[in-house]
Each structure stands twice: as structure tokens, then as C-alpha cells.
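Two separate entries follow, structure 1 and structure 2, each one form of the same protein chain as C-alpha cells.
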Structure 1
């Protein structure tokens, strides 16, 4: 069943989720303020544990410490996420995405566990539960969670390595995911994460994602506000994905 909060997020799409770890975290409040008036509605938090992928980034204390009007989109690239999801819910996550590769045998139960968590930002919101797949993982692998998942994230780079370019086969994977979503007859959000730049945002918009994650394309040390506005406006001009809504 599609909830009112899910409908609200759907109404914002196509939308940009701003990866704030690319910002100056020592002045995070000021950096987030630069997004005001740009059309950005969501902040993206990449959580890496140095085990699931090479980098170590941040955790629930940092996420909780970010006081903001924006929705909090938390992407867990960690081992054994089932033991950690409640901490991120308590930190204020509006969306929690876990990797299929982190627990392939129990991903269905993990998604269900996320959906049972309380959203501390509002009693009227649930937490949107997402599943992400790495570039080397076939899209068909998500078939078994289409009955419960709220969002699918296709990674366009390998997690945990810097300086990567957008993987060209992502476009084909997006089309495969759209087909699966339409076959499911559920309103599942579709997200692209990684390798997004101002040079390729037009092409990405034509792939018809609902949500696009961008970090360094916004926070480049020059003009985050102009960058974010450009990315948002380009996405809004993109072709909308045909979705078969739940009845």
C-alpha cells in the first residue's frame, strides 16, 4: 500500500538528493543553507564502514547532529545492516537504503524491518525503505523484494573509490529496473547514485530516474547554489518515467 508520505515524495520527483559529504563538513550548516531556493528537498548521507567498501565515512551521530528542514536520505554501505538500521532511524532518517549485496539471503526481512521503524521527524511519516545494487549486480536480483521495497537505487560507480566516472551500462540497467517496476504494478521510486556531473545530467535525466544523487557536482567549492539549481532544473526538464500506480 502506498502511504501519504510516499505520495509526498513522489510528488517531488524527479528530484535531486544532495550528497553532503562532498560539502565542507566543518561548516555543514552554512553549506546546507546554500541549497535554499534551489529546489533541493533532500540530503543524501553516504554511510561506509570500511568493510563493505574501502572508505569509512560517517555514522548516526553525525546524521542526528545535522539539524535541517530537508528530508534525510541515508544510504548504508555497511556489513550486517540489520543490527544498525534502528540507530539511523533514531538519527532522523526519512529514507534508509541498504545493499542487496550486504545480506542477499535476508534482504526481504531487512526491508520489512526498515518499514517497521518509526520516523522520529513526524508520526505521520513512515521510513521509506530502499534497496541498492552495485554496478556488477544484475537488476533481476531485486525481483524478490519488489513486493515490499519502496525504492530501488542503481549505483553508477563502485562504492568506496573516489574519482570514478559514470558507468555507461547504467542506462540499460535503469531501463531494466523500470520494466520490473511496471510489471510489479507498485509505485516504486527509482534512484541513480554516483558519477553525476553537470556535463552528464541532461543524459541522466533522459534515463527517467525519480531521484538523482549528486555530491561533488553541487559542492565543488565554487557556487553550490548555482550548481544545485542547474541540476534540479535539468532534471525537471527530463522525460518522466511511465509508472503503473498501485490501485
Structure 2
């Protein structure tokens, strides 16, 4: 069943989720303020543990410390996520995405567990539960979670670093994911993450994603506000996704 929070997130799409780890950490509050009026509604937190992928980034303390009106979109690139998801819920996550590769044997149970967590931001919201796949993982491998998952993220780069180049085969994977979502007859959000730039956002918008993550393309140390505005506007002009699912 689709909830009112899910409907709200759907109503925002296509939407840009701002990869906040690319921002100037010495001025994080000011960096977030620069997103005002741009149309951005989500902050994307890339959590990397140095085990699932080489980089170590941040964790629940930082996410909790970011006081914001924006939805907190938490992308967990960590090993053994089942032992960590509740800390991220307590830190204020509105969306928690886990990697299929981090828990292939129990991914269904993991998604169910995320959906049972409380959203501490509001009793009216649940937590949107997402599954992500790396560039080397076939889209078909998520078909057994389509009955429970709220969001699918296709990584367009290998997890680890900001500012990598968009892997071209991602376009085909988006098409495959849209077919699977339509077959599921559920309103599953489709997200693309990594390698998004002002140069390729027009093409990405034609791939009909619901949510697009952009880190370094927004927080380039020059004009985050203009960057975010340009990315949102271009995304909104993209191809509308044909939605065939429950209401």
C-alpha cells in the first residue's frame, strides 16, 4: 500500500537530492542555505565504512547534527547494514538505502526491517526503504525485492569517491529498472546516483529517473545555488516517466 509520505515524495519527483558530503564542511549550514529557493528538497548522505567500499566518510552523529528542513536521504555503503540501520533512523533518516551487494542473502528481510523503523522526524512519515546496486550488478538481481522496496538506486559510478565519470551503460540499466517497476505494479521510486554534471543532466533527465543525486556538480566551491537551480530546472524539463502502478 502506498502511504501519504510516499505520495508526498512522489509529488516532488523528478527531484534532485543534494550530495552534502561534497559541500564545504567548515560552512555546512551556509552551504545548505544556498539550496533555498532552488527546488531541492533532499540532502543525500553518503555513508562509507572503508570495508564495503574503500572510502570512510560519515555516520549517524553527523547526520543527526545536521538540523534541516530537507528530507534526509541516507545511502549506506557499509558492510553488515542490518546492525546499523536503527542508528540511522534515530539520526533522522527519512530514506535509508542499502546495497544489495552488502547483504545479498537477506536483502528482503533487511528492506522489511527498514520499513519497521520509526521516522523520528514525524509520526506521519514512515522511512522510505531503498535498495541500491553497483555498476557491476545486473538489474535483474533486485527482482525479488520488488514486493517490498520503496526505491531503487542505480549507481552510475563505483562507490567510493565524488566527482567520478558517469558510466554510460547506466542508461540501459535505468530502462531495465523502469520495466521491472512497471511489471511490479507498485509505485517504486527510481534514483540515479553518481557522475551527474551540468553537462549530462539533460541526457539523464531523458532517462526518466525520479530522483537524481548530485554532489560535486552542486558544491563546486563556486555557486552551489546556481548549480542546483540549473540541475533542478533541467531535470524538471526531462522525460515524464509513464507510471503504471497502484494508486
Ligand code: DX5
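Positions refer to the first chain, counted from 1. Since the model is a prediction, treat every value here as computed from it, not as a measurement. Each form is matched to the other, and the largest set of C-alpha atoms that superpose within 1.5 Å is called the rigid core.
Between the two renderings of this chain, the form predicted in complex with the named molecule is found in structure 2; structure 1 comes from elsewhere. Residue 136: CA moves less than 2 Å between the two structures after rigid-core fitting. Core-aligned CA deviation for residue 162 between the two structures: 2 Å or greater.
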